[in-house]
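The chain below stands alone, shown as structure tokens; this is the form predicted alone.
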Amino acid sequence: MDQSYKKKKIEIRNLTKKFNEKIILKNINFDLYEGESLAIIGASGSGKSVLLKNIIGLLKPEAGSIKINNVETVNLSRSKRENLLLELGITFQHGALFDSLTIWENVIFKIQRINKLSKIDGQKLALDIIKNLGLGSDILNLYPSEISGGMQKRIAIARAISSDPSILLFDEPTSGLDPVTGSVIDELIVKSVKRLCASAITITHDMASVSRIADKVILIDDQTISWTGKPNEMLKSNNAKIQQFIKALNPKLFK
């Protein structure tokens, strides 16, 4: 689909990241457009999560440009970055919920930092959010350790979408989940993106998830982007890197 009429939500140009002298990412270039859902795939240790951390500012690249909503974020001041990050909803690997906070406190954590809510108002808002994810009031006062891994993933998504962000970033949202629960999480991601009219980047190695959630796919291999295309183009591609990656994860497809 021609994206020329759509706004760029994220624009990455010539991004390079290394730790000490080891290069992790080299000359990364891609755009995320308004309303687009992008999946970034690659082997473990390929730099997918490092890329995400550069986008949100937890890491700083050695070279290159990262624009969010047309604002250059590399070397952006802390206060301006924090304001810009209000546009983003983020889930980290394993959910990364706050163990010492209840479920409702986790869900509205971002909002609570901006607008102080009473306990009653906070619980009501949290309940309104988690209802859209198929959860009820019975878990509001529980702690993350008291709910299942699948529920923790849902709560992480609830926290990410709580402030109605225009950009959603998911880091391995189905990692460690069984296929049924993973498909439920994928469905929630798709519904959340559509409801918010948001753009999304999902870091994953789950090819079933890719086919369900993504409009476009990027493969990171050997420090850089080695293939870009649509999910339904992966099997038909002659690119050796994407074929090697798919075959490693789904050998039955090639028998």
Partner chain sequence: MKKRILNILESIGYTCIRFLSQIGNFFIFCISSIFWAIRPPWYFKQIHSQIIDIGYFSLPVVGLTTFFSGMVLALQTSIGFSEFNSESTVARVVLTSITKELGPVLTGLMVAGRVGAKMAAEIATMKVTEQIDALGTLGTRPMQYLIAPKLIASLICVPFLVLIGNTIGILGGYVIAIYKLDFNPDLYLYATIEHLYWIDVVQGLVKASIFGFLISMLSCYFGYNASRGAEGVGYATTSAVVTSSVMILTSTYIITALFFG
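Note that the structure is a prediction, hence the values are computed from the model and not measured. Residue numbers count along the first chain shown, from 1.
Below, we refer to the form predicted together with the partner chain, which is not included among the displayed structures.
By the criterion of a heavy atom within 4.5 Å, Ile218 is excluded from the residues contacting the partner chain in the predicted bound form. Using a 4.5 angstroms threshold between heavy atoms, Leu58 counts as touching the partner chain in the predicted bound form. Within this chain, Leu97 lines the site of the partner chain in the predicted bound form, having a heavy atom no more than 4.5 Å away. Within this chain, Phe109 lines the site of the partner chain in the predicted bound form, having a heavy atom no more than 4.5 Å away.
Just one listed stretch, out of 174-182, 82-90, 145-153, 122-130, contacts the partner chain in the predicted bound form at the 4.5 Å heavy atom level, and that stretch is 82-90. Although the partner chain is omitted here, in the predicted bound form none of Lys9, Lys18 and Glu72 has a heavy atom within 4.5 Å of it.
Of the residues Lys67, Lys53, Lys26, Arg212, just one reaches the partner chain in the predicted bound form with a heavy atom at 4.5 Å or closer; this is Lys53.
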